[in-house]
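Presented below, as structure tokens, is a lone chain in the form predicted alone.
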């Protein structure tokens, strides 16, 4: 007569991994929905002025972005020019704007080049003379559609920020 074997009470059942793929896909979808892709690294300070009436541009695929602003104090730039212009991750001088804007225009698909628009994102501290010089350089290469990017808010707060 054999002795009766009892189940070992200390042994645990195996952990089911059936729900592990569901958890992985939930995490994957979460990160895909909350992650944004950064288009450009800002090389200039860019605190946009406020405006009362703003409209959002419908199509952003035909926009050439130009950032204008002072260089941050932690930058390696040792130039004496206080206001810099950034086009496509590059700081350019005012006389180089026409070349780099045409280069950005050439990078667009051909069917979008006719309706291309320049979006000037100027910092609050930028004087209007710099913007006027920038517009003259853009006129040389026939980029006449210009948009000024702002944030929605009270216009009178622009005076307080300066």
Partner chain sequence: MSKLKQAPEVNAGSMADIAFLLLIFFLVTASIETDVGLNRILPRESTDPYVEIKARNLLEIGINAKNQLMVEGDILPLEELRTKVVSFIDNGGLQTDDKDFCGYCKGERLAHLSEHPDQAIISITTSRESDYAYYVSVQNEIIGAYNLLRNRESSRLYGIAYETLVQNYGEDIGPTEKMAIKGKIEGIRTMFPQKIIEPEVIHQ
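The term rigid core refers to the maximal set of C-alpha atoms that superpose within 1.5 Å between the two forms. Residue numbers count along the first chain shown, from 1. Just so we're clear, the structure is a prediction, and the values are computed from it rather than from any experiment.
Below, we refer to the form predicted in complex with its partner chain, which is not included among the displayed structures.
With a 4.5 Å cutoff on heavy atoms, residue 111 does not count as touching its partner chain in the predicted complex; it lies far away. Put simply, residue 132 is close to its partner chain in the predicted complex: some heavy atom of it is within 4.5 Å. In the predicted complex, its partner chain lies within 4.5 Å of some heavy atom of residue 120. The closest non-hydrogen atom of residue 69 lies beyond 4.5 Å of its partner chain in the predicted complex. Just one of 43, 102, 116, 48 comes within 4.5 Å of its partner chain in the predicted complex, counting any heavy atom, and that one is 48.
In the predicted complex, 51, 52, 53, 54, 55, 56, 57, 65 are the residues of 51 to 69 with at least one heavy atom within 4.5 Å of its partner chain, listed from first to last. Once the cores line up, the CA of residue 22 ends up 2 angstroms or more apart between the shown form and the other one.
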